[in-house]
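Two forms of a single protein chain come next, each set out by itself as structure tokens; they are called structure 1 and structure 2.
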Structure 1
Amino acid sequence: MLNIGVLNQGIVIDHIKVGGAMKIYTYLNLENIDVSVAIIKNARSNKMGRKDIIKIEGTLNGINLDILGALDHKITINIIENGEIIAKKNPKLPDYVDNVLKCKNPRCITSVESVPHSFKLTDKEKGIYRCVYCEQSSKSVPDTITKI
């Protein structure tokens, strides 16, 4: 059983923008990985007012957690071992991400041809990624985060 309060060994993804938890859950494919997951939605936060949190008991092998920064650049990732936080980090935003964000511009070539959805980091501060084809910002249309 997962203890929502304390993890023994795992990862806590904190400071997720409200409503973003399920998207990260989907992106990480947590449904199909043998780990225990708690999703806390709409939690109170001093820093952000409200936030989502994902707690994962277990290990995620071979997943580059930095990529989550492309989905939500304000998240923090806590690594827990033996019940203690051994590392707390903000994702280092990758310069390019392929097939993490989906371009929602209906006039974009990606809407009619099967080419990889590639995004380039254009504003580190604000975590803005732009489609390499049409330059549409990943933030300009709400709800651009989709597992594809």
Structure 2
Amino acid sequence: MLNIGVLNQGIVIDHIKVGGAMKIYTYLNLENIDVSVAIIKNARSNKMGRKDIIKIEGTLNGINLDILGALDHKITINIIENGEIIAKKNPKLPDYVDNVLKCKNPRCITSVESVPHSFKLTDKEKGIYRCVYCEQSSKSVPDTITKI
């Protein structure tokens, strides 16, 4: 059994769909932040069968973790202080997202102009978002994302 140490202060993003940890890692731009990060991929889970987990030591000031619901709305975000979980969040699919999803339509204005990639939630059940400029659809667990 793999054992990753207990966090004294930090964030644990749990119940990530298998293969989704790297998307969240990229979105949060964790490679450019001076914090220790443990990514556990394909871990056994009684609830999900298999899952990914991200453990971040320290704080992520100024980052809205609730927006992660657009990347995977079934995740759990645990805030750790003094070795204890002080808050647990289950982000929902936001109604609108800017610069989280990336429009795949090559004729969209976002492909040629420096405008935000803005999407609105159009099908909550299926997690479908649509570009506000061209109506191109995108899943809430995207193949392509933009960094914050």
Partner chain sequence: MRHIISPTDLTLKELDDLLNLAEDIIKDPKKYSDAYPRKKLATLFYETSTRTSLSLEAAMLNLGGSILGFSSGDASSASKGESVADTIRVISSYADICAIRHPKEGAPYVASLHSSIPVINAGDGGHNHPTQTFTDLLTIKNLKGRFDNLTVGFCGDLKFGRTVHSLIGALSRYNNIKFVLISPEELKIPSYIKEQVLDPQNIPYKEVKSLESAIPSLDILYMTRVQKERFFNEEDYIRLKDTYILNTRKMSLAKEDMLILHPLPRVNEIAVEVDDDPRAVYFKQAQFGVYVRMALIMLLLGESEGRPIC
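By convention here, residues take numbers in order along the sequence of structure 1, the first being 1. Think of the rigid core as the biggest set of C-alphas that the two forms share within 1.5 Å after superposition. Everything quoted here is computed from the prediction, not taken from an experiment.
- Source of structure 2: the form predicted alone.
- The Cα position of N64 differs by less than 2 Å between structure 1 and structure 2 after fitting on the rigid core.
- Once the rigid core is used as the reference frame, the Cα position of I11 differs between structure 1 and structure 2 by less than 2 Å.
- When two forms of a protein are overlaid on their rigid core, residues whose CA moves 2 Å or more are considered shifted, and I24 is not one of them between structure 1 and structure 2.
- Note on E125: its Cα is shifted 4.9 Å between structure 1 and structure 2, core used for superposition.
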